[in-house]
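A single chain comes next, written as structure tokens; it is the form predicted on its own.
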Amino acid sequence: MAQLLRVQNFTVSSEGIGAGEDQTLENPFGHGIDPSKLFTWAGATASWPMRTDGGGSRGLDDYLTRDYPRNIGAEIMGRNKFGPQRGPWQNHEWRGWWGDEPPFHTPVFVMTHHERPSLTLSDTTFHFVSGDPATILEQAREAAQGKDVRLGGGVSTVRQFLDADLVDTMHVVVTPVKLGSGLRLWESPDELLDRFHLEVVPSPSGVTHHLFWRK
């Protein structure tokens, strides 16, 4: 069975905005973006991995949150999802936003023009790699040992792999909020219908799940 490149639980506003510009250490999602407005749907589920108390919703949102780690053997992310540093790495002591126990539990391939030694935190190893999307995907597939590869984002990274026609399945959550400006995944999901089937499923929480799979 082919190894899929999957986008999962990628959340955007009603205008297709997934992050702001001018990302900093204090504002990981960029200027003017409150991530709680985007991710309330996931944080309310029983399967939210950072939940510290009991309870949480069941149903569609919870199923898709629970599905996040299924059959994933490696992840690809852009450098901005690892941290806000730009240019050559000045500080190897700071080890990313994800803490001592990152939530990935797989090899993670961080796309960058400035490579550095790999970094292992708990059961996650970050590899800092350069190259075109196809080359990096091949590295990730080898590390995944037969399992699928998750494309974690951010917006620009997902667009690069879409433009290279490498994405096999994609789950995008559209929240009923407007952010005004920022990095846009799309103007309309219809832009992708030349290459993907699309099923749109509304949730009682108010979000709409867009499920794409390759034609």
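From 1 onward, residues are counted along the sequence shown. All of these numbers come straight from a predicted model, not from anything done at the bench.
As for the form predicted together with another copy of the chain, it is not shown, yet the points below apply to it.
Enquirer: Identify, from the list 57, 40, 175, 27, the residue with a heavy atom within 4.5 Å of another copy of the chain in the predicted bound form.
Expert: So the residue touching another copy of the chain in the predicted bound form, by this definition, is 57.
Enquirer: Check, residue by residue, if 70, 204 and 213 all come within 4.5 Å of another copy of the chain in the predicted bound form, counting heavy atoms only.
Expert: Every residue of the spot touches another copy of the chain in the predicted bound form.
Enquirer: Hey, in the predicted bound form, is residue 64 touching another copy of the chain, heavy atoms inside 4.5 Å?
Expert: Yes, residue 64 is a contact residue.
Enquirer: Using a 4.5 Å heavy atom cut-off, state whether residue 159 contacts another copy of the chain in the predicted bound form.
Expert: Answer no; every heavy atom of residue 159 is more than 4.5 Å from another copy of the chain in the predicted bound form.
Enquirer: Is residue 171 close enough to touch another copy of the chain in the predicted bound form, meaning at least one heavy atom pair within 4.5 Å?
Expert: Yes.
Enquirer: Is there any non-hydrogen atom of residue 191 lying within 4.5 Å of another copy of the chain in the predicted bound form?
Expert: Output for residue 191 is no: heavy atoms all beyond 4.5 Å of another copy of the chain.
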